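Below you will find one chain, with nothing else, as structure tokens; this is the form predicted on its own, and questions on how it binds or moves follow later.
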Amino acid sequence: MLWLKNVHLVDPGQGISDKASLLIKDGKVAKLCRGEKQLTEEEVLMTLGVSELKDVKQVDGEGKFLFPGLVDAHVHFREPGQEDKEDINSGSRAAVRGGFTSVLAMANTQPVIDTRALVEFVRLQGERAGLARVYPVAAVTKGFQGRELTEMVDLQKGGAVAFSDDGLGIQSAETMRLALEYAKLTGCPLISHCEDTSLAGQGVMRKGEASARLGLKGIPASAESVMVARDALLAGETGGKIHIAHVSTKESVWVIRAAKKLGIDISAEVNPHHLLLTDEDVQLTNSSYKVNPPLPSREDQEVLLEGLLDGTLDMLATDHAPHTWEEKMRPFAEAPFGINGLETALAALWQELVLKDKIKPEKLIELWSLNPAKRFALQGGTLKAGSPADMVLFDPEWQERVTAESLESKAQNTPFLEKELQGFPIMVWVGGKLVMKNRKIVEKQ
């Protein structure tokens, strides 16, 4: 039993951005009261079915925002096989500390998540962690080989909510076409990592003046955009459901905008680091800036933000990709691609976009809660009565320095390490269960 009062509720699914009080019972929102009118003691007792207020936990959220739990449609938890980088438990801890109550875990583990048993393993490991809801994304092709399709219907029955060979672009257009056809039997989206490897070659950052100045091999923007165009056309031809991962170029935005106008069932995500950093920020001595797709040009970045604001791009996703410190300490050209994002993403965007009035809080939560929940048919995304009580109490004034010691993730490959950010979740509930309080994980009893 929980009574949350005096919060500023931001719930785009209900069109609410207002002062509110909420009652939580049996893991769900039992009642919501918005505006200046507050719940009376009698209403609280009657709704929750108790005789005394002492039986109700009360949280006063004066000066704080309450958001529906964030949904991250793109994380890499590395389990099974690479638990030295991250495992499902540590990844789940990082997720809830960052305000994420649901995550989609990608399939590029060792072994690849291409059988029902492995899908069920990921799902059950998430349940054992008892923190964020962990939804498995299964592979499109067996072993990520790009040839033979997985048994998608069986994988869905095991708990898969989408299919992706993320980490590798599917190079064969015919394989992608067949995959889009087959995935229609499940109703699940196919998540495309759009990268033409013949164009990307051995590049390590975005091709341009910055790569030339640093003497690093560049990846042209076309390595992404030509594959976005291919997959959009294939989705249109097959009537399939496509989701474009980590969009990073202006040309990709143009293609997605045109595809939507044609009625193609396409959605797309943007990563925070592509909105906050550019190729000009790349440092040879810090491979945390080495990501795939690479950091964009400033012009690309401006178009990405425009695409989010006008609805061309549907959601935000971290692409949380943890690596060991030793791997990321290699020379820039030799280090693996990837950034640790779950614990810093919301604060970084709040500080750099919301506080600078480039995006409204309501739009931010639409992009990071409502839209991904709807696209992948997940519970959550709203706090209307009867919905799961997946909630984030957010303090816009909370300032914190990001340190290796403060991170719940096993990895430290973030460009925000040793930097101070403002605006953090201070309490998080999943299904009405308190899992994070005052920036600390609530340990199992």
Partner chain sequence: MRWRHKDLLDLDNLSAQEIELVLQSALSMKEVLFRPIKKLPTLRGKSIALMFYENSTRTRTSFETAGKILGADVTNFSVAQSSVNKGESLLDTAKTLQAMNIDLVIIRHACSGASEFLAKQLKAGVINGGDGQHAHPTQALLDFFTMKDRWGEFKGKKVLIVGDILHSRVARSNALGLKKLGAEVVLIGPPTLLPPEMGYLGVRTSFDLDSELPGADAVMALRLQMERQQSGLFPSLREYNRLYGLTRERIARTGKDTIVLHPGPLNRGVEISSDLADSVQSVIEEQVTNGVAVRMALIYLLIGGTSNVMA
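Residue numbers count along the first chain shown, from 1. Predicted, not measured: the structure shown is a model, and the values here were computed from it.
The discussion below concerns the form predicted in complex with its partner chain, not included here.
- In the predicted complex, its partner chain sits beyond 4.5 Å of every heavy atom of Glu127.
- Mapping the unseen interface onto this chain, Gly187 falls outside it, with no heavy atom inside 4.5 Å of its partner chain in the predicted complex.
- Although the partner is absent here, Gly236 is not a contact residue: none of its heavy atoms lies within 4.5 angstroms of its partner chain in the predicted complex.
- Of the heavy atoms in Leu118, none are within 4.5 Å of its partner chain in the predicted complex.
- Annotated contact segment (heavy atom within 4.5 Å of its partner chain in the predicted complex): 330-338, selected among 330-338, 132-140, 222-230, 359-367.
- Note on the partner interface in the predicted complex: the residue among Leu262, Val153, Ala212, Ala173 having a heavy atom within 4.5 angstroms of its partner chain is Ala212.
- Exactly one listed residue, out of Leu149, Leu276, Val303, Leu216, brings a non-hydrogen atom to within 4.5 Å of its partner chain in the predicted complex: Leu216.
- Within 4.5 Å of its partner chain in the predicted complex, a heavy atom is found for all three of Lys207, Thr285 and Trp325.
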